[in-house]
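In structure tokens, the next block holds one chain alone, the form predicted on its own.
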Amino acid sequence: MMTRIAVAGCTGYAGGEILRLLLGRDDIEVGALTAKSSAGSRLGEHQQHLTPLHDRVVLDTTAENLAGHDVVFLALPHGASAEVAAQLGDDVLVIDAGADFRLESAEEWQRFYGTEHAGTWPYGLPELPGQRDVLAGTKRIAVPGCFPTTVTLALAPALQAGLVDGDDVVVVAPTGPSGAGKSLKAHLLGSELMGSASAYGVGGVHRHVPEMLQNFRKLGASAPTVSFTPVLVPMSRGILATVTAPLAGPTTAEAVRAAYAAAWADEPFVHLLPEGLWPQTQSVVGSNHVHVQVAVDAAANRLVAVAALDNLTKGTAGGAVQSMNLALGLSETLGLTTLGVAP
């Protein structure tokens, strides 16, 4: 059965990655490609790597242009999806790659985003307990943020096994600038970024903080806290998150590793690396894979988990396609690879 899809925000990084993943599938028909400021141009001017779509004209993002599709992906700036989604019928599967519908707390949304909360949709992280059942057959999906995806999958087995209780979680996560989108910003210029690393969103103000805490609570933490420091580094794609938390009681490195091995044994897109290997971003570029490694810092009495993913694939577009597959009753892994590109 052919599924007809539309992508709003097709000229951006997330929209382009969604199209890259879907163009190789013979069960997908690419319908309307829309944007705002670039409407009327040809897609090849913005996404030169998507050769089959070079001559497609980018349409304006309107409900009329998005109508008549089985699936609509919204790869729009935060705050822009809700208005568009409200105009789409209940019969279409709408997948929001932005933040508009991720948070359950209206108070937290208003605190971190400063606008009215649009509501909450089923959360597109299948690896959370019970989430595949939630996503099966749904018509609305909120794709997680790239940092929350990385951090949640790094810490999930420890929370579920009671190895840590979620208080005093500390995260430091270098990432590439593609997560900030294509908008022109001085600190993302090549001359500013090359040869440099810089922290940002420091001190609990990053918008992904409440989403991380929301996920920790779903994994069993009663009163979690997180100190999160993202670091901008000169690589186009990738996140490498180092996550530490106090151990909840006496344990060994062997017991911690056993808990992680059991948790991720049957997951198609999360891989616990062999002992002695540590995640690196180049190994997951272009893939929907998350590489995880774990250790115990006995002197500090802390668990240390490190995870790497491609922020545009598993962190955004791959997670969207994975969730779409589940919602449509297809194989979860359809069209997605675990093979990265290196060097």
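We number the residues from 1 along the sequence you see. In this text the structure is predicted, and so the values were computed from the model without any measurement.
What follows is about the form predicted in complex with a further copy of the same chain, which we do not show.
(request) With a further copy of the same chain left out of view, choose which of 136, 197, 261, 106 has a non-hydrogen atom within 4.5 angstroms of it in the predicted bound form. (result) It is 197 that has a heavy atom within 4.5 Å of the partner.
(request) Go through 188, 128, 92, 80 and name the one with a heavy atom inside 4.5 Å of a further copy of the same chain in the predicted bound form. (result) Looking at 188, 128, 92, 80 one by one, just 188 meets the 4.5 Å heavy-atom criterion.
(message) Using a 4.5 Å heavy atom cut-off, which of 83-91, 176-184, 147-155, 115-123 contacts a further copy of the same chain in the predicted bound form?
(response) Residues of 176-184 come within 4.5 Å of the partner.
(message) Can you tell me whether residue 267 touches a further copy of the same chain? I mean in the predicted bound form, with a 4.5 angstroms heavy atom cut-off.
(response) Residue 267 lies outside the contact set for a further copy of the same chain.
(request) Please run the contact check for residue 291 against a further copy of the same chain in the predicted bound form: heavy atoms, 4.5 angstroms, yes or no? (result) Result yes; residue 291 sits at the interface with a further copy of the same chain in the predicted bound form.
(message) Can you work out whether residue 41 and a further copy of the same chain are in contact in the predicted bound form, taking contact to mean some heavy atom pair no more than 4.5 Å apart?
(response) Contact with a further copy of the same chain, no.
(request) Please run the contact check for residue 62 against a further copy of the same chain in the predicted bound form: heavy atoms, 4.5 angstroms, yes or no? (result) Residue 62: no, not in contact with a further copy of the same chain in the predicted bound form.
(request) Check, residue by residue, if 27, 216 and 257 all come within 4.5 Å of a further copy of the same chain in the predicted bound form, counting heavy atoms only. (result) Not a single listed residue reaches a further copy of the same chain in the predicted bound form, so no.
(request) Enumerate the residues of 253-287 that have a non-hydrogen atom within 4.5 Å of a further copy of the same chain in the predicted bound form, in sequence order, or give none. (result) Contacts from 253-287: 271, 273, 274, 277, 278, 279, 280, 281, 282, 283, 285, 286.
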